[in-house]
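Okay, so we've got the same protein chain twice, two forms, each given alone as structure tokens, structure 1 and structure 2.
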Structure 1
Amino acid sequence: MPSPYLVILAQQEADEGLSATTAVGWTVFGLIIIAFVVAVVLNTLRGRKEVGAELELAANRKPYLSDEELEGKKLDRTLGVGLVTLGIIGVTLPLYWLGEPGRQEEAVVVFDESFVRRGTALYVEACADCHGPAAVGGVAETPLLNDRGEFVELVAWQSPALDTVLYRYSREEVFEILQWGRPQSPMPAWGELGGGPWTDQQLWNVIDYLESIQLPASEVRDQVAAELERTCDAGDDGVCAPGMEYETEGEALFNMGLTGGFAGGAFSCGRCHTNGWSWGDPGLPGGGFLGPSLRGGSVIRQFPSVQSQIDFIAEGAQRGQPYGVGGTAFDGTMPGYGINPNAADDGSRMSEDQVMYTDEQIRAVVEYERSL
């Protein structure tokens, strides 16, 4: 269910169809038409009276003012009017110029707001069912098929929270995901190129909406810390307290949200690197699914030094770029956990401290992966 707040926003958008500006526009248009008709009628009437009169005195032949009159009061008045007009221009032009930057900024804000408002309506309509109201994460009811395409069972596939999606992906990467959807998952294609129903403009509107609801960094830190405490409660050595769900903090991070559905699994690695993770039936941890297998020493071969692997996890993969010893990122699906890719953009609402994991958390998950 979309939240009432979002529904209200969506409704406002619809109500604004006939805006005040449009009404004023039509009124002015009407007045112009009326004035035009009146002018034509008056002109025609006046014309009729003069039929035949031009034989005695053509209209332009009435006697005009004398030189004295022309060069006296008349000239003074004309010059006076000119001076006053110049004065008005001289004062108002700088005033207008002074106000212009403010007007432009205001226009950008209004633009931004209307994009966000449109994006909100689109989100409620198309995404909220799976990703949850206000993008806090949810589940997608998905029919699971076997290799031969036969129905096996209906599963609840975790859909990641998107109120942190610009922590881990750049706006352009999110655009690509929306354009093409995510093959082998319930995430459909929305863009025209991927066979979806939306224009590029609509995709950007939804991204603007998502940008407007990204959580503050401190809130994310607190949420993740609370979830880690619930499943691991590690000491300084990164080993979980006895009787906890996981053995190490790295393992808890890797699987964050597997039980309890925290943020729709948005913070986990398992949703892409462990088969069955997303629908609560995980196979071998790190055995590979949308992302490659991380088992049997493969990450140690790919990243001989711990630091190079930490750097990769922090930045994520970039479409078509090489990484590690012999890796090439296919489409940049692997998110970045320690560097916000949007913070550097001028005009972005995102800041550098809005990242998925702290440095210690990245180190913990890297250690866990190297033990697989």
Structure 2
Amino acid sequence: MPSPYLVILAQQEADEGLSATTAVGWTVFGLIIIAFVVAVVLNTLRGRKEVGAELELAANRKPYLSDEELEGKKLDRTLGVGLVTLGIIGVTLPLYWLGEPGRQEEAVVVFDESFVRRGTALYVEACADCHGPAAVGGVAETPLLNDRGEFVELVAWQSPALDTVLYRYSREEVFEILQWGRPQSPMPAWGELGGGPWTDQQLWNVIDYLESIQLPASEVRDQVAAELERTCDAGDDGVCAPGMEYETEGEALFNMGLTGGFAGGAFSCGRCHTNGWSWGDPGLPGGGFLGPSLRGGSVIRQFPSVQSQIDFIAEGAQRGQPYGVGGTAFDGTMPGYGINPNAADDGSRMSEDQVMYTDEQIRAVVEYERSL
């Protein structure tokens, strides 16, 4: 999984403080300095002020220790110091080598925690006002423009929850959205290439934070089930109980969040395929907006078989890959609602069961869309 783990050591140490390995290194270095200072002091104290001729003072002219003295206690001391030093090296190097895998794993964790912390600060500073303090969705006040770019009114745009964004988009797709923003929506460009203030590293840091807060699969399933029960309460045939807001389970799923603001519309197909959905003034359901129109048999023409449409909604659009009859995804922004695109990546926190909708729910959406 591509990830921005390339940062300079000085920056990491500033964030995390000295690592255990660095602390040991500085300790050894300090001991060496102390030993050097002690040796200099002792040598100085042993010296004596000498006055005399060059014959008496020159080091190469003065008599030195005899062979008996050199090959006695002095040699034993020297050999003893060497043996102790060799023993220390022989023990510490294997121990250091054995501990290296653990240090590498800890370094990855430290990097990850550091990036999540930085991403949290960036999210709180720039994203929380629209997407909510805990990324559960929110409202962004934004001017609504007509097709000539003229101001119409100020609307309350539903900003989707981001605590499930990696259920349906890959990290790379989220990076592109952050980099370039969302045209015809309040979502601005945050990356340098898109004219925003953030570097690529900061964009990845925000994604690292979002990955750290993705909801457990069981919690998402429970929330979706509760919302369906509130708006539809469908029987085994997929038809909603009398008095519910929607007629079929597929219609309820297609518009999930339109009433009540569930997850800011993150689970809804209508927020992209229905004009006005995002600001609470929906036009013709499935009539098209950010996404194409699904009405008038266009879905059936694009996907002659039910299964081909189910597969497309489950997997989403893959950049540059064909789909249906004559369809090609240029930007890949149609997310997958039944397959997690991040689950297979090395090091990802995401699992295969973290998906937006079950197979049965996707089939219900397909049945509704084919009826439009």
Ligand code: HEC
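Residue indices: 1-based, along structure 1. Definition used throughout: the rigid core is the maximal C-alpha set that superposes within 1.5 Å between two forms. Owing to the predicted nature of the structure, the values given are computational and were not obtained by experimental measurement.
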Between the first and the second structure, which is the form predicted on its own?
2
Classify residue 344 as shifted (yes) or not shifted (no) between the two structures, where shifted means its C-alpha moves by 2 Å or more with the rigid core superposed.
no
Comparing between the two structures on the rigid core: C-alpha of residue 86 shifted by 2 Å or more?
yes
I want to check residue 40: does it shift between the two structures by 2 Å or more at the Cα, with the core superposed?
yes
Shift in angstrom of the residue 27 C-alpha between the two structures, rigid core held fixed, comes out at 12.1
Once the two forms are overlaid on the core, the CA atom of residue 147 shifts between the two structures, in angstrom, by 2.7
